[in-house]
Every structure is written in C-alpha cells, then in structure tokens.
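Only one chain is shown below, in structure tokens, and it's the form predicted on its own.
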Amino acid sequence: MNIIKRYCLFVFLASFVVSAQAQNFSDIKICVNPGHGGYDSDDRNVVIAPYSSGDPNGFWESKSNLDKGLKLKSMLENAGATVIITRTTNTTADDLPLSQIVAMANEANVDYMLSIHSNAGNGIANYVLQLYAGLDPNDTYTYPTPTPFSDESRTISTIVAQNLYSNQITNWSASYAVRGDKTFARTAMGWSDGYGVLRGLNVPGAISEGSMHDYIPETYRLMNGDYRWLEAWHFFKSFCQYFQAGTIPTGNIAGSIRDSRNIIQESYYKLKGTRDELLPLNGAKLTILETNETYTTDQLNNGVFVFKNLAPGVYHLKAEADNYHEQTFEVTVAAGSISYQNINLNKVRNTPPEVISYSPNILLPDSAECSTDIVLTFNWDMDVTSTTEAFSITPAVEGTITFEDSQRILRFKPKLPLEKATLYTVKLAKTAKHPDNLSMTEDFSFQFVTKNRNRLQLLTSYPFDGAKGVYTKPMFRLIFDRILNTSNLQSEIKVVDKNGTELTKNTRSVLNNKVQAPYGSTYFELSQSLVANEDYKILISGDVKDEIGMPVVEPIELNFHTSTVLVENQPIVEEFETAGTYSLSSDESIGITNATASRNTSKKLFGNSSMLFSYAFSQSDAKVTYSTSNPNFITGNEKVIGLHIYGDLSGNELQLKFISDNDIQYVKLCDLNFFGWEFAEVALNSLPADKNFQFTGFRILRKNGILSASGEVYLDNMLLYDEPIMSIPQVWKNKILIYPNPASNVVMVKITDQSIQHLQLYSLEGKLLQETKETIMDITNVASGTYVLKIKTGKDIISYPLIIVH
C-alpha cells in the first residue's frame, strides 16, 4: 500500500500550480481506448501469487489498460485537452465493438487515437511494440482499407515508443519496435487488412503494446498503480512533445528496491543477468529528506516506488527495510523527466557464518557415489571470494565451485568422477566470511568414502564395433550398466558417415530405458537408409550420464560397415512362407516359460512372410528347439548354409538341427549379438563325412547376456550352396594371408604349401568384376565397398571377404 505524506511549503505548491497551468492542450482532441474490457477469457488474466485463476483482484490486462487510460485522461484534461475515452468501467458491456471505437474517433475528428494494451511473449520476452495505423515505409502491398495518416501516425508512435523504452525500472529483452499495423498483421499474423481497432481509421492512431504482461516480473510491476501511472505519464509527455504543448514543469523520482544478493527462488522466468533475478523488498520505506514525503513499497513482489510531480532540484532519498542496512542517495530532478534510482540494499548479518548441512553426509563405512558433488549449506549468504579460497578437498580433485540459493549453498563439482574406493576429506577454513565481514569461528571438515564404480559403461550395442554386415536400415541399440539420464541423449549420441556428417535420427523411433533395471538403454532408427558397402560410426560423448549423474567420461567410437544383407544369387531351400511348418519341440527344450513359432508378415525381406520364433527362458542353462513338420532338404558336410536373420541382441546362440537315422547333430550358425536383419552363414564341415543329413529345425541356447532371458528372432530365405560367401574355411585361417584388408589401391595374397593360380574379385551379388593370374590385384578403379575375393590354387578355391576403402 502507498503511504503519501507530503509536507511542502505553500510557496512551493503555488509555484507548481502556476507552472502546470502553462501547458496548453486547448485545441487538441485525443481518443483514449483502454483495450479489452471485463473479466472474460479474452481479457488476459495472468495468474500470479497470491491470486488464483479468474480472481478479479489479480492481474487482468483489461483492468490494467483501463487504469492507464483513466490516468492519462486526467493528465490530458488537466492540461486543457478534450478527451474521448471509449470506456470508464471494466465490464463486458463496456467493451465496445472495434468498429464502434473507430467510428467514435472518426466522428470526433481527434488528433490522435491511442489504443492502450500490453503484450504477451510466451513469458520470456519484454519489449515495447507500437503498431500505428498504416504501412511500413517500404511496404508496397495494396490493402482493402486505406490509412490516410500513416506517416503522421508513425511519427507520433515513434515518440511514444522512445519514451516508454526509457523506463529503467523494468528490464527489456529487446529494443522497441514501431510497425505499420497493416504490414505487421499481414507478415507476422497472416491477416489481410490490419488490426480491427485501427481498420477504417480516418485520423492518426496506434495500438500501444507498452510491455509484456506475461513476463512475470513485469506482471508484478503492472500490479502497482504508480507503475501504471508512469506509463500514462510517458504517453502524456509524448503528446506534449509532438503537439508542442509545453514542457511538463515537474519531474519524478522512480525506481525499485531489491536485495543486493539474494535472488527470487520462485521458478518463473527472469531475464538473465538483470535485477529481475534479485529479491524485491516488500514493505520497504523510501523517504525524501527535504520534504519528509514517504513511500512504502507494496506486497506484490515488485519493489516499485514513485515520487510524483516534484519541483526541479536536488533531493536526498533514504531507503530502509527491516533487517537491511539503510542507504541515502542524492538525486537530481529535472522538469519533464523521471530520475531513476534503482536501489540494492545489503542485508544485516549479525552472527558469524557456519555450515548447517553438507553432503555427502554418509557415516563410514557406508560409501558415496563417485559422481557426487560436494555441497555445503550455510546459515547466511556467503562472500564468494573468501569462501572459495577457504575450500579444499584431499586427495586433491580438479573441479569448479559455484554458489546457489543467493550464495547460501556452495557446490563443488569434480571435473571427472572421483576415484573408486577412496577416502576423501573436505575442509572449509574459518577464513570464510559473509558480506558483513564476519568469519567462521572454527574450521569445518568431514570425510566420506566412494563406491567402487566411477564410470557409466556401455555393455553391449548394435551395431557393435567392427560389425561388417549391418543392414542399410539398422535399428540402433545401446545398453548401459545403469538407467540413463535422457536429457542429453539426442545430442550426445550421434551416427556419422565416413565424412563425419551427422545423420538425422527419426525422433518418433527413439525409446529410452526399455531394458530391465538396473540397466539403461537407448533405441533409435535413422530418418533415411544408409548406403550399402560404406563405413559409419556411432559416437557416444563422454557426457552421457546415468540417473545419478555418472558419466561415460571417455568418448566411445563404434565403427561399422553396411551391407545389402539380401543374398539372392544362391539356391533357396526354405522360404518360410507356409504357416504351421515349425512348432515347439517340448521334449528337446529345457527351462522355458513360453515359446512359439508363427508366420509373420510385418518383418520380412523376401516374399510375403518370415518365420517368427519367440521365447522366454526361466533358467540359465535353458534351450528351446523348433522342429519343422516338412523337412525339405538333405545335405552333406561339403555344403554351406546361409540364412537371413532378424536378431534380438540377446547374445543367445542360434543352431541348425540335422538328423541322419538316429544321429542328431547341432551346428552353430551364429550368436544373436545383433538387432535387425543380418546375413549369417556356416560351413557344414563339422557334420560327419560319411553320410547325408536332413535339416529338421532350429535350436536356441541361452547364453549369459543382459537380454538373454527372452527374445524374438525372425528368419527369412535360407540358402544352400557350395562355397562360403562371407567367411574363410577354418582350415585356411593359419595358411592364408590377405593384406591389406581393408585395401585401397592393391591387395596381395600369400598361401603356405600351395601356389596361387588365379585371383577373382566378385560383388556380393556374384558378379565377376576382375581377375588376375598374379598374387597382386590392382583395385584402384573398384568402388569402395565389401566384395568376395576368390583364390584358386592347384587343389582348392577359397572365398574371402575383402573391404575396399578409398
């Protein structure tokens, strides 16, 4: 509540009245339109404490606009102007149609029509916007309704904008803007003919958006009647300047009073680095010593004070607040101006500082996370320099010190996680002070021991580092040892091509922390397919953290190579197109809670369907067998089987089942350490050589993996052929040397015990690209990618994968 006690000499009052009468608006007509009207949904209610939504006592733009308009009306009429005001109450009934407001201004032939508003900027902006009835200077667009006084309206609006922008109590996020309403409405709002309250105006006019009422610090200021009076005063001064109606003979002192260090704890947005972050002092008392006039700031968290209509001269302003050191300032007041005095008072701190709590506060032998921050909380806000110098930790740790809660909390954040299983001692020397220069009475210290984990670990991934057969539409899976903090995963985990260009993720595909606790994960796909036979990388930043803030620390790089996956140039022995051909073989399965085999049409590479094997295990040595009711090929040990597999990243082992009479053989095809489609092959040379075997199904053995307890595996097109496409037979692994691989310009081959007769280079589709009878092949003109190098000796033909990179 404002308390005005003005004790002035009669002579002073008399001189003020005579000076005020020197202004002359006798020939000027102004139309004042306080925007909106009433307490309806379109009357701009901004909810601030202590008011609830819809409370008429809270902030409403309609109410604020009206108060400014009535104050301006009084100023203008006291100076002799004729004022037409479009409403005098804040009711819905008094909220006239926009066309009627325009008609009132036109019929009165006013010299200016001012529509008073405040603006909204998503709560994070605060600036002045003047929309005058007209066009921007360079706008050549033809509008349906003319604006005959565009230039004059722009001139007056510019003066208004400059005066409003001179307000130093508020904080502006940008400079003022003066725009033609037609241009602005068309380019910014998508409207065809400007704003309704200016449309059809035959006199100069503008909409004044004096500040942003949804920027909460400004909302609180607009709740102060004297702050609204300042806006009206700036309008009045602007009219004095434009209509040359004389200089306002008096001046004003205005400002806000705030704590010098303590900040507002409420979470609403405040412009960074401005006084809007500091705590406003409710109930502070300001006194002009020369006149003994006092002003008490209101209880609405703005700290605003205004002393109005002061005679020019030098004044001394005393500022007081409970539990604060008072200050006195010398202020010079000039006619027709506002002297701003923004005051920051220092709190009285009359006892020594002390630490009232700390963390980690753990009794030995319990231990703290290595990712922990060291936090000290004080009974007073602290002097930053002396408190920082007083802090130490042993063993020494590199890190940064910051202060929170208006310097009441010191936080030491280590640059890297603390060492594992280490005893640390934290000390704060008694030289730490608060701003009233009192030091602590004694040193403070505590100890804690860290846990035996100081890194977030990547446990498994797909693609894994070195993966060669990754499908061009991969589904990325990264699994860590703890639940992830998901706040920065989008930016800190990237996929890049061989040139380092980041590839875009499909944001709708992202799934985080879908594995069972305590593990964490992130799954995603890319917006576009990759290029076959190219190199890519997954880059995991050291800033990826788990839920307790433990980081990866050392960045991780996973290199992988893509493949078309589809192999279509070999004989097909199973297409997986027929439902019911595979089923669970219970007597050959152990430790399963659920297992099914079904035809699936959603995940497939060929034809109309694939075969889906789903399973869930109940014990560590579990296995599940799926048998076919329609065995359709017989093979010997000289053949190779290839299979298109949609892996589940379980790490479990996929086997092929063969039978010859009563002899049952299982051949390992691959480990399911991938997710999505890959092509796997195996030579059947582990089968006995003296007989043929019938293929009868698949078996999955549980391994010790994070995801091994359950899974879903899809199979498509199984092939039977003579020579390996992607691998070299075991017998040759210690006898053959192919180098370099990857290769760029040439590839060389050496074999022990045999001579090389021929080298042939094939594409994965089986097309012969080039050949030589030498042991060196020039591959300069072969595009980068994955190929099959066939080596012919006097006895054998060996196929080996070759990667070419330029």
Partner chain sequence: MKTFKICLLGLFLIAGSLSAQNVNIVKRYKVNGNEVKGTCPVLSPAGDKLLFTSENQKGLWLYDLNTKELITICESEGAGYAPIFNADGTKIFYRKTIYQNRRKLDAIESFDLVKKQKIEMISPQRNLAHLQNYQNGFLVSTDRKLLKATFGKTKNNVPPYVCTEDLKLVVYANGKRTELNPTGENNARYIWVSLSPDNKKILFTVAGKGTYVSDLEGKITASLGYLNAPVWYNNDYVIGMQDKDDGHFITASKVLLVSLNGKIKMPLSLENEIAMYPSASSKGNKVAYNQLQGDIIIVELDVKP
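Residue numbers count along the first chain shown, from 1. In this text the structure is predicted, and so the values were computed from the model without any measurement.
One more form of this protein should be noted, the form predicted together with its partner chain, which is absent from this view; the next part is about it.
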query: Full three-residue contact with its partner chain in the predicted bound form, heavy atom 4.5 Å, for R44, L98 and E107; finding: yes
query: Among 496-504, 399-407, 85-93, 441-449, the region lying within 4.5 Å of its partner chain in the predicted bound form by heavy atom distance; finding: 85-93
query: Residue contact check: N437 to its partner chain in the predicted bound form, 4.5 Å heavy atom; finding: no
query: Residue contact check: R228 to its partner chain in the predicted bound form, 4.5 Å heavy atom; finding: no
query: Residue contact check: E218 to its partner chain in the predicted bound form, 4.5 Å heavy atom; finding: no
query: P724 within 4.5 Å of its partner chain in the predicted bound form, heavy atoms; finding: no
query: Heavy atom within 4.5 Å of its partner chain in the predicted bound form - residue from E290, E419, E577, D193; finding: D193
query: Contact assignment for its partner chain in the predicted bound form, among Q665, S583, T155, Q490, heavy atom within 4.5 Å; finding: T155
query: Any residue of 203-219 that, in the predicted bound form, places a heavy atom within 4.5 Å of its partner chain; finding: V203, P204, E209
